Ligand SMILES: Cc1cc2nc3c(=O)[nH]c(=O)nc-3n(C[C@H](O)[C@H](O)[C@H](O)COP(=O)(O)OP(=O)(O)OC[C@H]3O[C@@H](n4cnc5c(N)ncnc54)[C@H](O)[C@@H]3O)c2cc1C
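Single chain ahead, by itself, as structure tokens, in the form predicted alone.
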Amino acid sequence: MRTKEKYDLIIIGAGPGGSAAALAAAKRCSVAVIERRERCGVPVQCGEYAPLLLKRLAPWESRFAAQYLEGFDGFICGEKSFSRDAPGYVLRRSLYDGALAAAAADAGVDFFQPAKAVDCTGNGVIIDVGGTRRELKSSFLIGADGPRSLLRQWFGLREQPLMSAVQWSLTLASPLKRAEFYFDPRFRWGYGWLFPKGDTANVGVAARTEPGERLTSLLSAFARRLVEAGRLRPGPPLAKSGGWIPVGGPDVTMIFPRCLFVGDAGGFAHPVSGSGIVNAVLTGRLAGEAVTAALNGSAEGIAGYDRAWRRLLGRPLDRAAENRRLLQLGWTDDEERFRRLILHCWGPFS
């Protein structure tokens, strides 16, 4: 691994957003990425469902897709209530994330991995690599370190509204060609999902739990219902995962004089559905391009990033944030009112 002490850009996090930013900037900048995990994309903390647009935003190989999907269906209180033909993929996220990071490394990006950013200085960051601390200096920083971003804390951004999620890999009873979303008053403020992945499926629940309630209990009951409905075969999970989904939308500004935020660290996940892979790659690419422009004399500097993401994502994210507010205010156990609420806020994806 080639490393030095001074870079044009340091990126915290090597998920899709961080690696996309590194790839975009590596053409004309010296870039370092700090990643705490030994392997990018492992463990998987994602439903792995993404639209076809993803393949146009970053390097793509057919092996990244575990299954092609024709679209998705929504079930409210057990009844199919909406449907949309929206082609997409269920990904192999560990392969996708790893390949994107490898492409950045091949482009000349230095990776410090596993390593942890432990402090931010006026000139860069302090990192811990195998128990040894060192300072890396840089002109710019990009925060791509997820929904509980340390860089957000260091720059004084608000704590993001988060929803917890758990997911199991389970065996399908028969092949499916569409993703399925499930809405039930018991999944408070959230939903359940079944994303087919060949012979198996990612089955999960995202919800706000009540005191003493365990999200895994909700998922267990949900999985049993899917077995009874003939969607799944009975049996223990093949794999388990979980994580946090930011649902508050982006902050007023995602740029500081020398720092930008992308992906979940910037609150760019869809506030209603929680989907964030495409937005992470898109904002990462835009941020990398903005830093490159600033370092090469652009009069606009990195402020161009704010204009770029707002032009592409501002209106749909604002609308989704308002629907998230209505969803939480209007959540009810009354089945008819609940149905109308979900159709208004979700259908489909508003």
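Just count from 1 along the sequence shown to find any residue number. As the structure is a prediction and not an experimental result, all values here were calculated from the model.
There is also a form predicted in complex with the ligand; it is not shown, and the following applies to it.
Ok, 178, 116, 208, 258: which has a heavy atom sitting within 4.5 Å of the ligand in the model of the complex?
By the 4.5 Å heavy-atom cutoff, the listed residue in contact is 116.
Could you check which residue among 196, 190, 249, 147 gets a heavy atom within 4.5 Å of the ligand in the model of the complex?
Selected residue: 147.
Which one of these stretches, 38 to 46, 319 to 327, 305 to 313, 24 to 32, sits within 4.5 Å of the ligand in the model of the complex when only heavy atoms are counted?
Within 4.5 Å of the partner lies stretch 38 to 46.
Given that the ligand is not shown alongside this chain, does residue 93 nevertheless sit within 4.5 Å of it in the model of the complex, heavy atom to heavy atom?
Close contact exists here: in the model of the complex, residue 93 approaches the ligand to within 4.5 Å, heavy atoms only.
Counting only non-hydrogen atoms and a 4.5 angstroms cut-off, does residue 276 reach the ligand in the model of the complex?
Taking the distances in the model of the complex, the answer for residue 276 is yes, it comes within 4.5 Å of the ligand.
With a 4.5 Å heavy atom cut-off, would you call residue 262 a contact of the ligand in the model of the complex?
Yes, residue 262 is a contact residue.
So in the model of the complex, is the ligand close enough to residue 219 to count as touching (4.5 Å, heavy atoms)?
No - in the model of the complex, heavy atoms of residue 219 and the ligand never come within 4.5 Å of each other.
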